[in-house]
Each structure stands twice: as C-alpha cells, then as structure tokens.
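Take a look at this single chain, the form predicted on its own, given in structure tokens.
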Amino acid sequence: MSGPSAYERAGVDYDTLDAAKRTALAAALSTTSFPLARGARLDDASRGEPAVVVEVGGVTLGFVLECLGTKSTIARAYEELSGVDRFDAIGYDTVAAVVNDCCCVGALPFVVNAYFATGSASWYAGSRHASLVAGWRRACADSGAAWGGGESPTLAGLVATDGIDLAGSAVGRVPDGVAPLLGAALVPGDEIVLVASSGLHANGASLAREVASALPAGLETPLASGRSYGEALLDESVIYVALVDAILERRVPLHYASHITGHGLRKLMRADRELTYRIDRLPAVPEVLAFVASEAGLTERDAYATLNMGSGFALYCGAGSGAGVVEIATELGYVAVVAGAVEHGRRRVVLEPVGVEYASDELELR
C-alpha cells in the first residue's frame, strides 16, 4: 500500500466525500431563514464547523450528529478471535466522537441521543448490548450529558447480520458571556496547544482493518509492547469536554478548537481564515498508529494527513496563555503541549518536526 490510495482502497475517498459535503452545504445554506419565524437563528458562520450554532431565547446552543464508522467491525472480529467483549469501548468511542465535536464550537453537551442500527435482532444476544450500553452511559457521565434516548432500527440487507452501525447526536450550550468558537477570533500570535490522543479514536478504522487483513496473524499480531494489534486498536477515545469546560470557566482566552479526526492534522486549518498554522512540537505517536502507518506504507505526509498521529484535539488560545492551558490539562489528567502558533500568511499547516506542509486546497470543507 502507498500514499492516499491505501486509504481509498480501504473504502474512504475524502476528495469525493468532501465534494459531496460541499454540495449538501450549499443546499443547507438556502434553509437558514426557515427557523426565524420560530424565534431561532442559525449562525451561518458555524456551517462547516463540527457543530452548528443556534441562538434561541437568549441562549446559544450547538447541535451535532456524528457516527463511529467501521470501528465496531474491529470489536466484533476481536471478540470472535479472543473471546473478549470490548463493546463498552465502542459505546464510549461513539459518544466521544459526538461530544468532542460539540465542544469544538464552545458548546458544552447536556443531552446525547443514540442510533444503534443492526442487521438482525440477533446482534443483541449475549453480552454485547449490555457492554455497549455501559460504555455509552459512562461516556455520558464523563461528558456531563444526559442520555436522552435514541433509535435502534433493524436494517436487514443494509447492515450485515452480525454488524452494528453506531451514531449519535448531541445538544450543548455555550456558556453565558462566551462567544461561539467559530474562528473569527483567531489572530497571528495565538498559541496552539495539542492534546494527546489515546490511539486510533474513531478515525482510520477502515485503514486499520485493511492492514489487519494483510497480516498473517491479523488482529492477534503482537506489537512491540506485547499487546495485540486488535487490543490496541480498541483503546477508548479521549473525551475532551472537561478540558474545554475548565478553560471556558476560567476565562482563558480560547479563540478556536479543532477535533483531530478525519483528514488528520490538516484539521488544524479547519477555520475559514487565511492564516498559517506552524507546529514546532508534536505529541508522541501512539504505538498502534505508528504500526498502522508503517504496515500501510504511508509516508509521514500521508500518515499525518490521515490519522491523528497522537494529537486528538487542538486548542488555539491567546498569546502567552498556552502554558496555562497545558497546566489545566495536566490537572485534569490530559497530556498536552504548546505545539506552535498562528501566523500571518496563506492558509496552510506546517509540521516542522516531520518536515510536512499542507496547502489550503488540501482541506476544503466549505
């Protein structure tokens, strides 16, 4: 495998997907005025951000819908091989994908809904459902959000008989006196804090599965640490809500946030601004991500454009406040580094430690 084509062969073609999203976004923008008659206003500046921002009754809310992707397939294969049920981690991962997106715009989630779609009701036999529910509930607790409800259709012929498609939605509130984090506040000199990931999170599972299929021992392949490849892939995602909450509560000048998921560290330039994001320090790369990148034959440029490579969340704060953000993160049990800064210049990401640069046209979400 080589370059982006490795991920395309695994079934993920971001160029096509992003073009489709832009088509949908154009249609969505034409509906902005519809809620005005009901006293609600959508902030069009949030279009293309991880969550849409809505103002109603003097309250600013964020709303997001997100899915897990194919990671549940890894959990099922791992269970068949090892007898170990890790659907608790899968439930946790799904909520993490949702609430981390929600808090990107400064909206702290207060309710999460679930979507569990199976190919057959037989999926609920055994321990998997109880584990999934326990992990989902624990993630809600760690997010400070209630589990409001959801939907659990059986989609025979659409979802595999032994498969489950997981997604969720969330509503969050932007604290009073805080402006939504939509990128307008970004200025040259802002410091970029990168907060460490735990591993794969919810992005790159298709590529990880492709790698497993080419290994003689598959998911049972031992890593250098002695852990199996499958076990490491199923490490739970990190939920960053508590960190964003603490930063906003302490009134640290937070100007933007980005959840590093699909598109890897290209997501550092998610804001619709002509600015350069220069990184001179990166968090350590988790063992399992280094293994995926190596076995898939990815160059560093492709690896950092595809996987999170150890950076799960980016916080853009006022000049001189990065160290304070790292201190808060450490207090709460996160690993974070002041990784770089925002500069004048064309829209791009420069990753100096690995000699990689991404141009503006390599991330077009709007």
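Start at 1 and count along the sequence shown; that's the residue number. Quick caveat: nothing in here was measured; it's all calculated off a predicted structure.
Beyond what is shown, the protein has a form predicted in complex with a further copy of the same chain; the following relates to that form.
In the predicted complex, a further copy of the same chain sits beyond 4.5 Å of every heavy atom of R347. a further copy of the same chain is not shown here, and in the predicted complex it never comes within 4.5 Å of any heavy atom of G297.
In the predicted complex, at least one heavy atom of T70 sits within 4.5 Å of a further copy of the same chain.
For E151, a non-hydrogen atom is located within 4.5 Å of a further copy of the same chain in the predicted complex, even though that partner is not displayed. Looking at a further copy of the same chain in the predicted complex, residues P35, N113 and V171 each place a heavy atom within 4.5 Å of it. Residues placing heavy atoms within 4.5 Å of a further copy of the same chain in the predicted complex fall in a single listed stretch, namely 237 to 245, out of 272 to 280, 237 to 245, 177 to 185, 213 to 221. Think of it this way: in the predicted complex, a further copy of the same chain has a heavy atom of just one of A293, I192, I90, C140 within 4.5 Å, and the residue is C140.
Residues of 57 to 75 that come within 4.5 Å of a further copy of the same chain in the predicted complex, judged by any heavy atom, are G57, V59, L61, F63, V64, L65, E66, C67, G69, T70, S72, T73 in sequence order.
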